[in-house]
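Included below are structure tokens for two forms of one protein chain, each presented in isolation as structure 1 and structure 2.
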Structure 1
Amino acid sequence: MKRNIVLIGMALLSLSPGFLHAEGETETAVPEAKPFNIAVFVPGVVAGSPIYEQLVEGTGAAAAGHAHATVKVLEAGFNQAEWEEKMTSLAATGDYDLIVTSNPAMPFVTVPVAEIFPGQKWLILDAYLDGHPQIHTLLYNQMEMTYMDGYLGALVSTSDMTGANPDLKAGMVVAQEYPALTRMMKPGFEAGLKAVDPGFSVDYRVIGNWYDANKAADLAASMIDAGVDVILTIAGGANQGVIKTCQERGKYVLLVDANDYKAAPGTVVGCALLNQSKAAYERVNMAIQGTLEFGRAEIVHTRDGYIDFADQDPLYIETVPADVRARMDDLLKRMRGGELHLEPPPL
């Protein structure tokens, strides 16, 4: 009953633009589509995690293009043990034509909920699950994303930049371990480093959560003490700790997911990108139009325009010497054109 009232209310709202028309024009009533309600389930918090900021932005932009589409954002917080219960409550409302979410753990959270609500549909980005009739997934080739950072990191570490030392040691700080990280991102980073010099080794540390910036700062300090001069950090809000330590110690940071050189100009030397806004915008648009195929798992690569590197930012150009950028340009040209492609292993 309550749902019907909400739906009627939205149908009236979505009809209203039909009453606005230029003088002298005759308007024939166009039947409006029924409301299409979308929930964005954020497994964590939006602030501090560009991958979730892009999820919300892309979904919102898609809905904004359709008068009958609505979006509600729900932050499920950092306690992963609560996610399934929260997803169940969301699906139980029956209010949403589509639930959009993102991260590699979400298929495991969603499948048991899908069994209880066979009419509910999901779009899960940054994840892989093939063949479930209620779920469409899209996985990014994150091996290529971290390869770009590894390649640049090795060039920076072996450059004459002031913070670089002769040790062939790079650092990687992560929040937690999961197959996309251990099978794509870690090997991708190592391969990028070793493509520049096979002698590189990685000092690899795990924080244990996505928010503890203090612990991340301590880990970065101990890595720098051990000879590391450039650190890739994949830890959401906890990245701030790595950035702060590297800033204080005159060392360098590599980021993924978004262009964030401005977080610490001169310290952040590379930002590999994952175009989640575009993926969310396009796939949600298709869902609204009824053309998104459920039961399908897509994998997208650099050559498709979903993975890239922010090489046009003035802060990158100011911070990184021209000879390093020239070698990076060459790599990016080969990756964007598909000439150099890394095939990720099954997860």
Structure 2
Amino acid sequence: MKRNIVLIGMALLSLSPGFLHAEGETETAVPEAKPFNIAVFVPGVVAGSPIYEQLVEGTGAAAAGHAHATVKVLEAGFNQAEWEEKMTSLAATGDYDLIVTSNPAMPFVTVPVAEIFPGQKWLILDAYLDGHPQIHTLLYNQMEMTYMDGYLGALVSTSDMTGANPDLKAGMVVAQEYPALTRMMKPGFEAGLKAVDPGFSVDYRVIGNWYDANKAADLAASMIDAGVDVILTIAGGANQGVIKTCQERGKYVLLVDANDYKAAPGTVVGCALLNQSKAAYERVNMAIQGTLEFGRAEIVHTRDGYIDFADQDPLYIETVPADVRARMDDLLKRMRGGELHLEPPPL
């Protein structure tokens, strides 16, 4: 009887993980990976916001490569006064290993929340904050991005295009001021203009928020009255006010972040790009794998493939004269190859 019990026990044991399958071979049980839950906090809405569409796309693509990773998207709307409260509510759930977001204002929103929830981790793209142990930020070299727009803007303004005038004046409408804008984007735009003609000046206006298209339209009209014929707008939803005014007045618009010539064909003459899909995909992958370094602030460049210019879009080719595009092509070749590089200042 004892012998039979032993034989039965051995037979059962042979069916269990870790028993010898063959001489010298042992099957090792592979533990299931712990779920890694990601929340994407969109300070606005996804639809119609190319930079946020890229954020969601890149994060989703990274999570799709890991069976244990999940993604939830929260749209916080355009009212910036509500962002901190909504971020607090999200962190308070304790459900997410990583919260991913994007906007230059988000470090200011996130830091107070991080103090309340010291175990929460964030990845913030298109922003800069160095040294916070719960936050990793990635900022694009926006000096190079706006330099591209400035260079093209000056070429358009000094061209024979219908809306151009003899005044060496370009406009810049921004939603809010923040370090990357005042130290990188504004100087980059001015440098690009002056690389074509040192006589260029910038008419610079601040809206005060990311949504007031009516105020943006008024500012654009005032600029045009003062002799401006091309305007760079960095104002989120308020960009529509600048675009509408320039359409009505026959002037030109420059954009950043994404390819959006379709917003106003013939009016939008240049779109500098951020490759946010690439940044989100790579950094979220690192976070899932446990290699993302929190407390670090990165700055990435044109030569790295994170910044570019939409020069192959048919609307760009149709709108901008061949001689202007030829000079722009030369600039882009030098920047993409790293021959021309603008070193950003300390932030």
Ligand code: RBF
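Quick note, the numbers are simply positions in structure 1, starting from 1. Rigid core here is just the name for the largest C-alpha set that superposes within 1.5 Å across the two forms. Everything quoted here is computed from the prediction, not taken from an experiment.
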- Item | Structure corresponding to the form predicted in complex with the ligand | 1
- Query: Treating the chain as two rigid parts, what angle does the smaller turn through between structure 1 and structure 2, in degrees?
  - Reply: 12
- Message: Could you tell me the distance the CA of A47 travels between structure 1 and structure 2 after a rigid core superposition, in angstrom?
- Response: 4.5
